[in-house]
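First, one chain by itself in C-alpha cells, the form predicted alone.
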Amino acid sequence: MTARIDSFEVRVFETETRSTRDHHGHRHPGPLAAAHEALVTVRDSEGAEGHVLTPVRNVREDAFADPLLRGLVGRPVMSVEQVMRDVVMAQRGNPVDIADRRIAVVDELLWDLIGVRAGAPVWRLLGGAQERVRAYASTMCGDEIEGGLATPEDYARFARQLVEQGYRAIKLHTWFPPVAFAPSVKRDIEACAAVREAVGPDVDLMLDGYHWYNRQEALTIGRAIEELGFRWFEEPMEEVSITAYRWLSDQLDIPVIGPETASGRNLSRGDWAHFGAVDILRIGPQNGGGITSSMKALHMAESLGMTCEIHGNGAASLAVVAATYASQFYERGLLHPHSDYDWLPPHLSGQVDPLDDDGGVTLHERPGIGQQIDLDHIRRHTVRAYEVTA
C-alpha cells in the first residue's frame, strides 16, 4: 500500500542563540540569549516521520496551515513532483502567504521523510555525486564592532585566521546599511585588496556586494576585483532587472553570479541563463522553493555548461551541492571574528558540516536530510504547537 501523508505538527520552542539581527535583517554576533525556533514534523500513514527546522515567521498558522498544509494530507509521500505542483498552484492564488520560503519547508519535509523511509541520506537519493565537497568561508557583513569587521584591516586579519583554520576559499560580505558609511564603493575595494594581500594568490576569493549599487558603481567594483583575481562577483545590484545584470556581465571578465533573492524558484533562473544575465546561476533550498526546485536549477545549469552555486549553509544546501557536479562549493557561514560557527544550540546534537583540515566537508550517511535534532529537548521546551490533519 502506498504511504500517504497523515498529519503535520508545528512546534515553536525555546532555544539559545549567539547572534542578533539588525533592522535590515543582517546577522551579527551577539551575547548568549534566549530565542525561539520552529520544528515542523510530517507523519505518514505507516508511522514514519520527517522533520525540518525553520524560523518561526515561516509557520504562522493562518499563513501555513490552511492555505498550504491541510490540502496535502492524504497525498502520496513519494510523489514529490505531484505534491509540489499542487503547492505551486496554490501559491498562484495566494502568493503573499504561500511564499517560496514556506514552499521550501514542505519540500524539505517530504525529502527528509523519503530519506528516512529509504534508510538513506537524501544527497545519495538525489544523485550522490560527491562524497566530499569544497567549502568556502562566508563572512558576516561588515559592522562597526571593535575587533570585528569594521575596517579593511579587520577583514584581512580575519581572512588569515580562516586560512589557518583550513579554508581555501573565502567570500566577503562587505558593509550594508544600517552601517553609517554604507554603501561605499571605495571601502569595498579597499577590503577586497586588503584580503587578497593577506592571503596571497592561491586562495579563492569572492565578493557578495551590497545589492543596491547602480550599474556604474557595480562596474567599478567589478573591474577592481577582476584585477585582484577574485573568482566571482555576486548580487551587486537589486535583482529585479535582468537587463542591468546582462549589461554588467557583458562589461566584465569576472563571472557575475545570481540571482539569489529573485522569486520564481528554478523557473526564473531559466530566463537569467537564457538572456545571459549571469555567468553562474544561484539558488538555495531555503529561499528558492526547496530541494526539488534547486535540483532542477542545478540540472538546467549543467545542460547549459554553467555552474550553479547554492545559497546558504545547512543540511539541505549541503545535500543538493553533493548530489551533482554542478556546484563548485558549499557555503559555510556566516562567520565572524567574534562568533564560533561550530557552537551548537541546545536543540541540536551534532554539526551537519564539520570542516576538515583542507577546506572540505565530508558528507554524512544519516537517513534523511541529515540534521541532528534533539527532539526530546524540543518537546521539553515547546511553548506552543498545532497539528494539521484531514
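Here the structure is a predicted model, which means the values were calculated and not measured. The numbering used is simple: start at 1 and walk along the sequence shown.
We do not show the form predicted together with a small molecule, though everything after this point is about it.
In the model of the complex, the small molecule lies farther than 4.5 Å from every heavy atom of H338.
Put simply, D279 is far from the small molecule in the model of the complex: not one heavy atom of it is within 4.5 Å. Looking at R196, you'd find every heavy atom of it more than 4.5 angstroms from the small molecule in the model of the complex. Contact check for D208: a non-hydrogen atom falls within 4.5 Å of the small molecule in the model of the complex. Picking from 271-279, 295-303, 170-178, 91-99 the stretch near the small molecule in the model of the complex, with a 4.5 Å limit on heavy atoms, gives 170-178. This chain is displayed alone, yet in the model of the complex one of C141, L162, M237, A262 has a heavy atom within 4.5 Å of the small molecule; that residue is C141. Distance criterion of 4.5 Å from any heavy atom to the small molecule in the model of the complex singles out L334 from the list V40, L68, L334, A326.
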